[in-house]
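The data below hold one chain only, encoded as structure tokens and taken in the form predicted alone.
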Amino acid sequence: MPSLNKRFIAELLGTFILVFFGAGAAAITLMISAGGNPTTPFNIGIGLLGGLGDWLAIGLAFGLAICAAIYALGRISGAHINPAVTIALWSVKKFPGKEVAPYIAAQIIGASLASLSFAAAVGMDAVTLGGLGATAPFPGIGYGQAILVEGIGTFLLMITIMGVAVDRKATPGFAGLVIGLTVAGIITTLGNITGSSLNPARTFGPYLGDMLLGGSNLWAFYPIYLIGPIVGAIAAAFLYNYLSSEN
């Protein structure tokens, strides 16, 4: 078992990969589709995929980033890269309680650094047009409805994680691919409802970056992306434990 310091760095780096490429893809999609603004070189019409096509592209960016993080860093830290996953694993005694706070701190820091790095690399259009890929409920979606959607999405993700990564009977070698594709599918389906965060750190990073760099203040929505994912992940972990028990 690598030291906690090494696992802290691995979680930070894994979450950085997730947010830089995943949320970055969401920001780029918004920048591309920001019609009528001749000042941005990103307004070049690639957004013609439209609607579900855009969400498929964003979902695949997240999925591929997760694959990379799991295969590169999973043997070091387990590649939770998501506070909801860490808390859910702790809730079913699959992760030590004394390491929950360091893991979550690493994930939050990694997500925040990713958003700030993306803004530095791409420029202020990433903030003013792309919102750094921040998530928020779409028009007509109520607060409670958004929490439910995030809870369901994270439930489905966590059930998959339990089955392909946590269960000792899982077929080795496929966790990164299956988890990445699961996230891609969930984002494609639920993205146009809540942005399909499924991850409190993934939402925290862009929110903090937007706040520090003069973008939109979306913190009023943050409980959606805290409550929904954590409750959904815990419920999935307990259900999987029940279904897989020999009793």
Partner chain sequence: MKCYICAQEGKDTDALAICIVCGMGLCQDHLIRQEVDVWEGGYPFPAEKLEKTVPRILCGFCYHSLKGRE
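Residue numbers count along the first chain shown, from 1. Just so it is clear, the model here is predicted, and its values are computed rather than measured.
What comes next is about the form predicted together with the partner chain, which does not appear here.
Only one of 69-77, 111-119, 130-138, 146-154 lies within 4.5 Å of the partner chain in the predicted complex by heavy atoms, and it is 69-77.
Taking a 4.5 Å heavy atom cutoff to the partner chain in the predicted complex, the contact residue among I32, I58, I179, I186 is I179. Comment: the partner chain is not present in this chain, but in the predicted complex one of A106, I161, A126, A88 has a heavy atom within 4.5 Å of it, namely I161. Taking the partner from elsewhere, K169 is found to have every heavy atom lying beyond 4.5 Å of the partner chain in the predicted complex. The partner is not shown here, and in the predicted complex the stretch 111-141 never reaches within 4.5 angstroms of the partner chain through any heavy atom.
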